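Before any questions on how it binds or moves, here is one chain, the form predicted on its own, in structure tokens.
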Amino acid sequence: MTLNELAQVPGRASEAVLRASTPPEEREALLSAMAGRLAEMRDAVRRGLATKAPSRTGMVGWNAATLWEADDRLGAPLLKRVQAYAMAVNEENARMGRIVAAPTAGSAGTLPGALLGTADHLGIPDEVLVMPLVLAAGVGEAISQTMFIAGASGGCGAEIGPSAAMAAAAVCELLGGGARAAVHAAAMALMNTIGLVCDPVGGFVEVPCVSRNAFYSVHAVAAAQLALAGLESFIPPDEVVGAMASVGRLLPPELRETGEGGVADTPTGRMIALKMA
């Protein structure tokens, strides 16, 4: 099912994804598995917020806990929570801890940051999050039909972009959005990541990846807010996916997860790469 097709279904998009992807006799097992993934995400957030232990490279490890403990000077607890949750997951990944790739390890913090962060901010229990997680998986699957979801294939727009789209759709549905709104939330989130380069310092998924997940988890919540207010992507969702893939293929190899461009090619980035070689 494409995103355009998903936008046309009546009711909740997650239910359409479940019907299309899973025979009736297997749905209970799938929902149980998704609840398990949700529990793994929450555990990664918990562990990530409880430590400032550095990653093996020493580039990250303390960001999530530091933000979590800091004063909320903006008076924006949702913003702070979403960012801290996202970085907690990615710093666990950098410490070789257990995380759920959603859809990749490098972008693993965006979906739990946005979904769990929003739910906790509003006091929504975890059992309500399972179907939005099903929708997130369906959105990722739809995007993957056009392009491999990986920074190596199309820059970070093809990695953090799909994760932000998945998160935006999930948050939108969590807060009452129907199929059309959820898909347009995904499209708006994806559209505004197109062309983003993948430039991990030293080839490690740490800098700028940890903070990038914090930024794009907020980006996903913002897209959901726009869609819930009735705003839509002017470009049809499937065309947005096509544009993301087209631009990603135009990026030179140096900007596609090789560690040879962007911030990876700064003097500090090159020094770290030599040190870790």
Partner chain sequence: MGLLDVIGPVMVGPSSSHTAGACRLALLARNTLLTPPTRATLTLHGSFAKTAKGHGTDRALAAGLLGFFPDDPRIPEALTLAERAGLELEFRSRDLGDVHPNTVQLELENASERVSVLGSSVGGGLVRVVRVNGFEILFSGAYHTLLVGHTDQPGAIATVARILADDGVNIATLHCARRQRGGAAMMSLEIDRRPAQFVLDYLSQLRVVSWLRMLPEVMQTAAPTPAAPSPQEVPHDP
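In this text, all values refer to a predicted model and were calculated from it rather than measured experimentally. Numbering follows the first chain given and starts at 1.
From this point on, the text means the form predicted together with its partner chain, which you will not see here.
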Could you tell me which of 173-181, 198-206, 71-79, 118-126 sits within 4.5 Å of its partner chain in the predicted complex, going by non-hydrogen atoms?
198-206
Using a 4.5 Å heavy atom cut-off, state whether residue 221 contacts its partner chain in the predicted complex.
no
At 4.5 Å between heavy atoms, is residue 260 in contact with its partner chain in the predicted complex?
yes
Verify the contact flag for residue 157: yes if a non-hydrogen atom of it lies within 4.5 Å of a non-hydrogen atom of its partner chain in the predicted complex, no if not.
no
If we define contact as a non-hydrogen atom of the residue within 4.5 angstroms of the partner, is residue 21 a contact of its partner chain in the predicted complex?
yes
Since the partner is left out here, which residues of 131-155 would have a heavy atom within 4.5 Å of its partner chain in the predicted complex?
133, 134, 136, 137, 138, 140, 141, 144, 148
